[in-house]
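Next up, structure tokens for two forms of one chain, structure 1 and then structure 2.
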Structure 1
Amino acid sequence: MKPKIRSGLRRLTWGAAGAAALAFFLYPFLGLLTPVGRWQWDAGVPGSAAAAVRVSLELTGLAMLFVIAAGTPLAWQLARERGWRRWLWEAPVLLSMLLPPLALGLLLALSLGPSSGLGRILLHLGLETSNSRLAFVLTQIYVSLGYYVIAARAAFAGLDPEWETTAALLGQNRWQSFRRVTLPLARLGLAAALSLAWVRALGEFGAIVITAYYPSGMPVQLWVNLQDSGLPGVMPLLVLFLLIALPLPWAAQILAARRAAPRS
């Protein structure tokens, strides 16, 4: 009887601690109830909120394709490296994550912008690297790639290398064993990595406000609305942002979990 009570008590304590943490997460949303005047659903600018949502979804989606394409092989490589070689591979990835976003935006603008050598060449080819969709996507890739790679590396590192060896023994080449064995096994972790990158890219403000004020995605539009019409212009966009940003990571997790589950 006694140990039962003790374990019940322990569970209760943990539950209460967890609930307190959840309450902490939810508390700021009470701010939505502050009386700030009538919410302006479009801040007087026809379709600006809808345009911002479209820009964010389309371009972040595109950025994620590049993040997956560039990040997955790198993460796999990182998971295989050991010792100082791993540190060497990892350092540039961490570097991209350590800088404050504003500093990163300035560096990106200076190295890719119209005054830089590369920027000038690209401009000659008709590719604008400042205040353009290209600048938007490049910035998003840069800020989110590191998060994807680090999380995906953990997913790959958690796999038993024996699986790949076995696949090789069964006559699969490296690409086949990666595609047919490693990838499906790491799917859940990769989905988590992708949702992390997605949220990071979608919410990016500090760097994007420098490199791609236009086309305005949702975070920049929030900033514009705050300066334009104050809180009544910000609140509706905030709600929209929540409704749009959340479902995709959730869907990715659920889909991955379902696919990863063993078929009986």
Structure 2
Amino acid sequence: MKPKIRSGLRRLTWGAAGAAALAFFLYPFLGLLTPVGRWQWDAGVPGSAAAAVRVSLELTGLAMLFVIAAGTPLAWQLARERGWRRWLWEAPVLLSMLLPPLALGLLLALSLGPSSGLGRILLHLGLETSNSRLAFVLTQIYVSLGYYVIAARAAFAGLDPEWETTAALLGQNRWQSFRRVTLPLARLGLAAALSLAWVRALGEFGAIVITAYYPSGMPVQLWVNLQDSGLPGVMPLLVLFLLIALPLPWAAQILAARRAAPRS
């Protein structure tokens, strides 16, 4: 077979495989075009959808602030550790990611409930750890922190340690070197890590439905609407949920790809 023909067949094969993969991943979105009857925004409860959007945005944003503050130094530490010490730091992080959501919700409800020592202390301080904003935020932090840390660790591990060494030689202390050198160089990787944590927290249902059924965020409200009104009561909030959840990770991936692309 001639080289040109063989090359053409190879391109055709890869093109067909790419088209099939694209169709596979995009096909579920055709569900948005499926006729299900007249859409109902509030599904019989006035203000429920808007309240769910507000709860998700406010409390997920608050959770992400903690994830960034606690997860960034932890990710940097993981990127620098070696051997058994790295495993010691990494094992609990991975464990939080591997727990099934329903099991995680039950464990959090038990460990933070009034029957636990910490739960009694928090309740004595007036902090409710069940069906409260605090329970919502704590659950989101737990389900998303591991994803941020692992992705951010990869961003830090991809940096040349010599940059930090050079900064130290120029008189920068460890914190100054981290803030002025490491963070700017890893910013796109950290943005991708944050987008992953954002989607994970925003879309959490299994754990949240146990620890914080109230106040209802978007995933729980979608479930309530489905039970009360069927698909017509789900569709408007589903579209809004996708519009809120997807742009951040999409933009982060595009920026990372543009940075990685070779310049002509």
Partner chain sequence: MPKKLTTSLFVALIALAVFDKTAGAQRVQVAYAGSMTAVMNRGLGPALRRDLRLRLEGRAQGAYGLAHLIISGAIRPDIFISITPGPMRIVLRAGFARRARPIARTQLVVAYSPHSRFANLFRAGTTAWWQILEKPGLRLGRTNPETDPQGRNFLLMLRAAGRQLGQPQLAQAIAGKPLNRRQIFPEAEVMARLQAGQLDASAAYQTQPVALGLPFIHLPWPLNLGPGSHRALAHIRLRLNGKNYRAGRLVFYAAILARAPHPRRARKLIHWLLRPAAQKILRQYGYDAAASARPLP
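The first residue in the sequence of structure 1 is number 1, and each one after it adds one. Nothing here was measured: the structure is a model prediction, and the numbers come from that model. Here the rigid core means the biggest group of C-alpha atoms that line up within 1.5 Å when the two forms are laid on top of each other.
Between the two copies of this chain, it is structure 1 that is the form predicted together with its partner chain.
Once the rigid core is matched between the two structures, the CA atom of Arg10 is found 4.3 Å away. Core fit done between the two structures; CA of Ala20 shifted by 2.4 Å.
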